[in-house]
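Form predicted alone, single chain, as structure tokens, below.
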């Protein structure tokens, strides 16, 4: 009781600012002399630390709101992309059944079309497509053959669709890049856009084999890197003459026989495969982004819990320390008065 009464008297003197005893006691209890000399006392250090933790908690909360909103947006876009995906697969699958898919086909001139996204924060779909492109480029350089004796090295060019794939492949395969297309997702993926891309590709150079590398959508948390092969009209003609899968079909109604039909068939096959690849990759992108943002939101919650615990502990320790200092100062004042 005597100590509590002394504490009350000390607090009264601190509020009223009475006499040298209050100044002496305040200086001993709270380090007021350090503040007068321009130095930061222990209480100020604790306040600064608590303020830093509080600011970090605020930043984590803002990040959590952003990632949660991005997850909801990705989920909404994913549903629309899945509806479009079902339609594109019905176009691409009959060509695979008719012409087959032979990614190991060797040719004198080949073009690899890498499909990536224009935006990031979608997991590893872009790095996976780039990794497969580099590996396929090395394999093609070793296995593709040329019929021209003066040019023993095969021609393996690369076309990149998407800003993220372009940024990565320009570092080490810039000499092989013949075409890049970015911001295609802003205007929306449609068959007319794909036909314009195909026209631009075929205007640059004629190739024997086209390979499209993209991520095939499996589920919201899974995608499969895929290589689809499309043969040119010349290669199809060679296979037809050599007893390929088209040998059992008869071509009628054209002056040039099968050549004109094979040309149209090859161009439409490439457009269908590329259209399907763009939609598959866009669907995989939204699924990967939704999964990544969900993980980020959960990680932000865990970080926020730890920061809140540390902040509460620090605040409680500061309050306890100040109470001890007040009581100690009151006891010292009473001992001095006695």
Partner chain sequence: MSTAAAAPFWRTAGFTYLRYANTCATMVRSCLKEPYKSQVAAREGYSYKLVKWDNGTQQKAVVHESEAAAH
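Numbering follows the first chain given and starts at 1. Just so we're clear, the structure is a prediction, and the values are computed from it rather than from any experiment.
The protein also exists as the form predicted in complex with its partner chain; that form is not presented, and the subsequent description refers to it.
This chain is displayed alone, yet in the predicted bound form one of 141, 238, 260, 206 has a heavy atom within 4.5 Å of its partner chain; that residue is 260. Checked against its partner chain in the predicted bound form, the residues 227, 246, 81, 195 give one hit for a heavy atom within 4.5 Å, which is 195. Stretch-level contact check against its partner chain in the predicted bound form with heavy atoms at 4.5 Å: of 212-220, 104-112, 70-78, 180-188, the positive one is 180-188. Proximity of residue 174 to its partner chain in the predicted bound form: non-hydrogen atoms within 4.5 Å are present.
Contact between residue 200 and its partner chain in the predicted bound form is found at the 4.5 Å heavy atom cutoff.
Under a 4.5 angstroms non-hydrogen atom cutoff, its partner chain in the predicted bound form has residue 271 among its neighbouring residues.
Contact annotation for residue 170: at least one heavy atom lies within 4.5 Å of its partner chain in the predicted bound form. Every residue in the set 166, 264 and 267 has a non-hydrogen atom no more than 4.5 Å from its partner chain in the predicted bound form.
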